[in-house]
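Just one chain is shown here, as structure tokens, and it is the form predicted alone.
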């Protein structure tokens, strides 16, 4: 059989971002995969030496707009731990609410793109129509649709009024109803199952061995979620990771679909328990020492390491994003698959290349 080398990306109709895979194919069956990254490297970690530690909150938000809230929150947790700052209880709940709104719009974005990867344009538009409601909520409460710039070291710069809280709950009721209407066309359709079941299988043991994180790991049957650590207000709420057992594209699809309802439930729980009080602590002095934090982004665990020497500029910041952790497992999924399965399998890990390369 003839062996060919075919480039997949960095420009491809199904890819939201520039990932390049060099595929070695024999009779349309993939034999080997070699990745090429680096198309959108921006040197954001280097900026830590030229922007003071307060300004870096806005810098890390630009690592990835889709999960900007969680990048900023994770960075703030690092610096707050170094400086011994305890954020007010209300701020912890507000951070959780905006984080879960971020997760909602990220998962809805992915559900639409995933439907598009196997040709369901109408389903793609339905998910993005629902997503607009969440984007409007972010704009109404934080002033921005994508980069939700509410975090500051010590807490938040914005609060939620009782009227805004009720609006969020009302809109989320409608989001939940509309999402349930799409369950059958998404999870029960013959074509969807044919394109996703048994594709890109990775076992629980293999996923752990390769350092897999997030919904990709939970789709292989591993109940691991950084929210179990109880950071911010998660420790005060009822939470259980959403897990599927089969480790294929269909399982990863079900995990993210179910996590949409989980995020809605967490926001409702937070609204019921949110305490009154201040939304930010007083910040005095400058950070010194080392700090780290782990947060569950929509794609999985993000890890921040910050080093400071008492000056206004940080000595070092290091970010490990979930897509970086999931690329090795993607390379393990593809060999043995048909060329036509590549778009679905690649999108099943929800790759965010701007996060990965920075």
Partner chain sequence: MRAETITPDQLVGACARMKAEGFRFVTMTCTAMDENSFELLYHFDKNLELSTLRLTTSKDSPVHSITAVYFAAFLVENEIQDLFGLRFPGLALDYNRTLYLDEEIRDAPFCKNAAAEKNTAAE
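Residue numbers count along the first chain shown, from 1. Keep in mind that this is a model prediction, so the values were computed, not measured.
Keep in mind the form predicted together with its partner chain is missing from the figure; the text below concerns it.
Q: Spot the stretch among 165 to 173, 192 to 200, 262 to 270, 284 to 292 with residues whose non-hydrogen atoms come within 4.5 Å of its partner chain in the predicted bound form.
A: Only one stretch passes the 4.5 Å heavy-atom test: 284 to 292.
Q: Would you check whether its partner chain, in the predicted bound form, lies within 4.5 angstroms of a non-hydrogen atom from each of 8, 25 and 118?
A: Zero of three within 4.5 Å in the predicted bound form.
Q: Out of 73, 212, 249, 104, which one falls within 4.5 Å of its partner chain in the predicted bound form, going by heavy atoms?
A: Contact residue from the list: 212.
Q: In the predicted bound form, does residue 314 have a heavy atom within 4.5 Å of its partner chain?
A: Result no; residue 314 lies far from its partner chain in the predicted bound form.
Q: Does residue 31 make contact with its partner chain in the predicted bound form, using a 4.5 Å heavy atom cut-off?
A: It does not: once its partner chain is placed as it appears in the predicted bound form, residue 31 has no heavy atom within 4.5 Å of it.
Q: Given that the partner is absent here, does residue 228 sit within 4.5 Å of its partner chain in the predicted bound form, heavy atoms only?
A: Yes, contact at 4.5 Å.
Q: With a 4.5 Å heavy atom cut-off, would you call residue 310 a contact of its partner chain in the predicted bound form?
A: No, residue 310 sits far enough from its partner chain in the predicted bound form that none of its heavy atoms falls within 4.5 Å.
Q: Of 301 to 321, which residues get within 4.5 Å of its partner chain in the predicted bound form if you count heavy atoms?
A: Residues within 4.5 Å: 301, 303, 305, 307, 315, 316, 318, 320.
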